[in-house]
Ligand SMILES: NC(=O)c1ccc[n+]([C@@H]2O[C@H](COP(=O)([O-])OP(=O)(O)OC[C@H]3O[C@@H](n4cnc5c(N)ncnc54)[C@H](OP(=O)(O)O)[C@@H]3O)[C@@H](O)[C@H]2O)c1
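What follows is a single chain, given as structure tokens, in the form predicted on its own.
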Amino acid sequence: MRVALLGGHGKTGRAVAEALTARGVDAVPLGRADWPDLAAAVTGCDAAYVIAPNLHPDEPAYVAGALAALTRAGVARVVYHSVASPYAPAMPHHVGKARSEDLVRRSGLDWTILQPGAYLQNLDRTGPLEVPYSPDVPFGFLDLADLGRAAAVVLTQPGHGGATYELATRVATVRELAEEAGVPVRQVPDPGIHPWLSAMFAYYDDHGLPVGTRVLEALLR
């Protein structure tokens, strides 16, 4: 089996590629440089995993282009990497993923959507933790290795077409993770790097991003 990984050179793509390789699958990572010839690049693949760049200004257009290329190349199976709670109007980049999910569902391809929680690896717990939102709100955290394994399952096994799976390895607050690691934690001001990130931090401050763990447990059983 051969699987194309669109956006496959980042940490998400590497995790999925590693899990696919462990199953004896030929993983083909494709970056943005391959985009003009995407249909040619994915020809001969049995499936594709679609990861948009972080904070893409028009993710629906990116995903629409990917779906069109997959269709032209005859790649009938697609798994889209979305986000937990995609329809959260206060977070514009989440809404972009919700609109992209709609495109995937209406693509005519055999589709599955994964909605991962926040990556555990995004928190460096080797030293003091500083986050621009409350450390006391709940999150569904996802380990990258678990994401890769779940993606490999839905890409290679039957029965996942038409499914949408929210994924988390564990539920915790940032403070709980810091205490487990034996490091201090404090909330710091929003650095103002990007308006969408500021909107996300404000949402996290009020609500966190809780995600249940049972779906991942079932997929990896």
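Just so we're clear, the structure is a prediction, and the values are computed from it rather than from any experiment. A residue's number is simply how far along the shown sequence it sits, counting from 1.
The next section is about a form of this same protein that is not shown, the form predicted in complex with this ligand.
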Which one, 65 to 73, 176 to 184, 30 to 38, 148 to 156, holds residues whose non-hydrogen atoms are within 4.5 Å of this ligand in the predicted complex? 30 to 38
Although this ligand is absent from this view, report whether Gly208 comes within 4.5 Å of it in the predicted complex, heavy atoms only. no
Closest heavy atom of Ser100 to this ligand in the predicted complex, within 4.5 Å or not? no
Given that this ligand is not shown alongside this chain, does Gly212 nevertheless sit within 4.5 Å of it in the predicted complex, heavy atom to heavy atom? no
I'd like to know whether His56 contacts this ligand in the predicted complex, with contact meaning heavy atoms within 4.5 angstroms. yes
What residues of 75 to 98, in sequence order, lie within 4.5 Å of this ligand in the predicted complex by heavy atom? His81, Ser82, Val83, Lys97
